[in-house]
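Shown below, as structure tokens, is a lone chain in the form predicted alone; questions about how it binds or moves come after it.
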């Protein structure tokens, strides 16, 4: 008989409730007092800070207020993101031994390949893209990430159904270069929605069923619909009391002026490279960078992937981070060397 895991669908909730549920279910799983679980979830319109971030520095708060977008702080690190009902989230709450390995790279590949098969069941060619993405013909359709907490593992994924990337970009405090019509169109070209591929978004229940079926087959388990246990319900109430408060959201407050947008132009053999960066002077870190200029890169998504790789990077680590990014990647850049990107970013920071 196959092991039975729990399936929970918490629907669309406010961000504070979703994060309180994260904390409650993970804590109960860590204690060994709840079964391994697959959870489906969605957010109301929300601008979500990483645990250590300041809303004043990371978000366009005027835009968020004007558009009814909730501002909330995650219980995990990372950068600011935007979520709403046009994204389907799924989460695995597992024991440390459920996947047979503690190697997060191997876990990510197995989970992403499984989720990709669920998406491909609708007639698209979804595939795993190292390290944590799922793509269709080179365009990102899903992102994932996981972390161990004691004896438990939380692995999360998001599937783009009908996502408006311009709305996401305008929630964030970004260099003006990244909000130009050309930059927005470039961002749209690097991601794709399931609805765009199919002409219509399939019924949510059908999508959830396909993903759950793939996880059940890959992991050798069966899923049984369930609810929160009494322990999880109590932990949820306790977590929500803390998270659903101005004190939680404003836990980290840094002046907006402490994160200037700085720019530099670097001329290389084949043209010019411009770096516009949101730079944390006090911490000496690049929060966000945008590259533009007179250059050719193939595949085009490599520039966006490099920008993502440099988010929250210490300025002294930029040359090494750029070198790691390009190592082993088949990227065409006539006249342009990886070091040129590092030079442009460093010069931008020096301008501060």
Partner chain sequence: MASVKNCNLPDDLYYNVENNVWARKEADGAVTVGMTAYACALAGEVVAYTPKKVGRAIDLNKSCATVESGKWVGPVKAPVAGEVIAINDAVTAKPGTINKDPYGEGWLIKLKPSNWDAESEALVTGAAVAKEFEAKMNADGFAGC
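Residue numbers count along the first chain shown, from 1. This structure is a prediction, so every number in the text was calculated from the model and none was measured. Note that the rigid core is defined as the largest set of C-alphas that superpose within 1.5 Å between two forms.
One more form of this protein should be noted, the form predicted in complex with its partner chain, which is absent from this view; the next part is about it.
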4.5 Å heavy atom contact with its partner chain in the predicted bound form for all of 146, 282 and 311: yes
Listed residue (104, 204, 124, 179) with a non-hydrogen atom within 4.5 angstroms of its partner chain in the predicted bound form: 104
One residue of 158, 72, 86, 108 in contact with its partner chain, assessed in the predicted bound form (non-hydrogen atom, 4.5 angstroms): 108
Residue 116, heavy atom within 4.5 angstroms of its partner chain in the predicted bound form: no
Its partner chain contact at residue 193 in the predicted bound form, heavy atom, 4.5 Å: no
Residue 30: touches its partner chain in the predicted bound form, heavy atom cutoff 4.5 angstroms: yes
Contact test in the predicted bound form: residue 76 vs its partner chain, heavy atoms, 4.5 Å: yes
Proximity to its partner chain in the predicted bound form (heavy atom, within 4.5 Å), stretch among 233-241, 207-215, 169-177, 150-158: 150-158
Threshold 2 Å Cα movement between this form and the one not shown at residue 80, rigid core reference: yes
Shift of residue 307 between this form and the one not shown at or above 2 Å (CA, core fit): yes
Core fit, then residue 28 C-alpha moves 2 Å or more between this form and the one not shown: no
Distance direction in the predicted bound form for the C-alpha atoms of residue 308 and residue 170, relative to the displayed form (3 angstroms or more): farther
Cα distance between residue 169 and residue 324, which in the predicted bound form differs by 3 Å or more from this form, closer or farther: farther
